[in-house]
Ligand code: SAH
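Presented as structure tokens, the chain that follows is alone, the form predicted on its own.
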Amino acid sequence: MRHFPAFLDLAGRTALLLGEGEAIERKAQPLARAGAALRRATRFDPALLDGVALAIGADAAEDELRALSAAAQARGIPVNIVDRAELCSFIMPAIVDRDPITVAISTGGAAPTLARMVRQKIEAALPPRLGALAALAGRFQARLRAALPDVAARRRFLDGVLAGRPAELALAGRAAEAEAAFAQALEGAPAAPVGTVFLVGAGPGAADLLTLRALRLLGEADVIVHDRLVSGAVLDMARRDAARIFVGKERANHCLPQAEINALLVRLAREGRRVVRLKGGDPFVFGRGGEEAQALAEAGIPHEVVPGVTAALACAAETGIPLTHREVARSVTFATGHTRDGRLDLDFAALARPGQTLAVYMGVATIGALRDGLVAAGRDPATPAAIVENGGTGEARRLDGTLGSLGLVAKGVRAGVPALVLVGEVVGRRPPTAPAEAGLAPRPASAGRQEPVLAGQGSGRA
């Protein structure tokens, strides 16, 4: 972000407009609506900048525009020369006006037309009377602070009323009824907030694979307790002032043991916090969400589970591997490659049955034991298999081979990168419409070969 967004109070202050024509008139209109006194000129004189809060130039001689830019910047006065980014110290955004709500959109001067297109979409999405709703909340500001001195309690109350009946009435133009509904809600509001924990699936990493409910809760959270596999793009969707607590775990390296994570969630909720426990994938698929839900229930803490896109679904979708296919796979089984008491404790006889797809989470470190157990239980070593790195992030990489060659395939997996193992005939059944632009090439016909095939690496979604 090169340009820091800010809103200037121009009421009663002077804005200089240098030039004449349509462009300068377009800039004059929002400045006048903001209450600025307009000082106009067609030729530049340094004295014109005396007492000026900002200056704009357009449709004037080149030397006049350059002189304005240099003089204004020398005096620390914000200046904008229309369509001349190199002469500007600030950018004029496209504006959506729902007074007192103002939305400003900027492309940093790179594509003003695109900013206007974005503004049109936002204009269509925001109710015309949205400003009336903001004004309603503003009229209750002092009473709200007196009734609910706790910041979290005030935020929780506003989250409710601004999406509830008072908001409906305000947006419908029924101002008196909206004010009465707001006052009634405030009378019954608890002085202290009730803590709640949401066990939320963050999905595989791409922010646009979050569920709508997860996105809403991230915007309402007081605290976000997150894992290592939660991407920065997902965390960027959260409220900016929400506290963030990292509790990520890796194999044999837990920065906070599970029992302490459980205790942390209980403590935060008892402090009245609205807590989002954010987990990569889905909370109830090898995410230990069940243990956390049990601990919260035993402590009497209100909680809710919000599902997410789990890694097997994301890896399969991004690499074009159907998890089920009526000709070769009628079921799919999720398993974990984590060991128990030093051994891979899996029902290999069940996992080796034909007609199913096996998706193994966290299985690269124990890939040899997985391969040997399945082969010993009767699974054909020539069964197609693949390891998918970073599935569902837009940066997936698929390494193809067979069950028998999985040990060799695993040597190509990059350290520290999340990966999922897929075993089954479906691995060789990529649909013919699978996208090719990400570089994920179709699996070669020699599926029985023991050498791994690096199917490709792409920066785009497969």
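Nothing here was measured: the structure is a model prediction, and the numbers come from that model. Throughout, we count residues from 1 along the sequence that is shown.
There is another form of this protein, the form predicted together with the named molecule, and it is not shown here; the text below is about that form.
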* To do: Have a look at Ala170, Val225, Ala311, Val234 for me and say which one sits with a heavy atom within 4.5 Å of the named molecule in the predicted bound form.
  => Ala311
* Asked: Out of Gly287, Pro322, Gly195, Pro93, which one falls within 4.5 Å of the named molecule in the predicted bound form, going by heavy atoms?
  -> Gly287
* From the candidate stretches 127-135, 298-306, 355-363, 260-268, select the single one in contact with the named molecule in the predicted bound form, where contact means a heavy atom within 4.5 Å. => 355-363
* Asked: Taking heavy atoms only, is Leu344 within 4.5 angstroms of the named molecule in the predicted bound form?
  -> no
* Asked: So in the predicted bound form, does any heavy atom of Leu229 sit within 4.5 Å of the named molecule?
  -> yes
* To do: Please check if Asp282 has a heavy atom lying within 4.5 Å of any heavy atom of the named molecule in the predicted bound form.
  => yes
* **Proximity of Asn390 to the named molecule in the predicted bound form, heavy atoms at 4.5 Å** => yes
